[in-house]
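Only one chain comes next, encoded as structure tokens, the form predicted alone.
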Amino acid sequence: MRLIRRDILSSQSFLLDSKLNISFMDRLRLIAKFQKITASIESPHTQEEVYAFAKAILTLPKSDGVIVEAGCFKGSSTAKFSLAAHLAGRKLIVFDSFQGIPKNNENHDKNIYGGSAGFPEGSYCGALEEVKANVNKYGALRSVEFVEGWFDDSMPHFDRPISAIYLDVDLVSSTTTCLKYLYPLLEEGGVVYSQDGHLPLIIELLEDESFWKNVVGFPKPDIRGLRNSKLLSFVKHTQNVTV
């Protein structure tokens, strides 16, 4: 009941947010479409989490930057973000192996809420054609580009400016790769959201000053929600680090 109430409140907040660069009727239509997508596609996220990133997309200043989603599972979040990206006149770039979680030896054990947290190889798998079909049916496929492959292979070759990033990648190794290659491309004032703030190993990584300095090449940002929320967000610092 508490989760349902939070989802209802987040829907109301989205509907009444006058800062969004879309009309009241567009907001109302988005809410209805988001609810239909959640009812139709397996969705390991809350409406509150999706609305938070949709708001970020719909309040971005004008630029040539794209929106990036890393980790899309069956395409529920992708369909929702594609609708927001379309209204904002942005391209949504989706990185995923489309083979599920890669092989790993990370022992996540428990999340910050005391629940189990494990990510065996192949879990959270959505085939590319399945995801495309879901986005085509419920989202705005014409606003989406898919980049298939393991992040270590696909991200080093990506070089487009980015305005906003959404991470749902579960592993420390995947989070490291995403921030190493995507964060430097993020525009000044660009925002990152992570749906993995409930995982202690991810928290340890994001708190590590040396990771930000030596791997990412930027100072550690102020991370909203760290250690008390599943959804984290942070804005990019403008000053690069000389290593």
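So that there is no doubt, residue numbering starts at 1 and follows the sequence shown. Only a predicted model underlies this, so the values are computations on that prediction, with no experimental measurement involved.
Missing here is the form predicted in complex with a small molecule; even so, the following discussion is about that form.
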Checklist entry - Which one, 132-140, 68-76, 107-115, 83-91, holds residues whose non-hydrogen atoms are within 4.5 Å of the small molecule in the model of the complex? => result 68-76
Next on the checklist: in the model of the complex, does P44 come within 4.5 Å of the small molecule, counting heavy atoms only?
Outcome noted: yes
Item to check | 4.5 angstroms heavy atom contact with the small molecule in the model of the complex for F146 | outcome: no
Item to check | Residue contact check: F158 to the small molecule in the model of the complex, 4.5 Å heavy atom | outcome: no
Checklist entry - Wondering, does S97 line up within 4.5 Å of the small molecule in the model of the complex on heavy atoms? => result yes
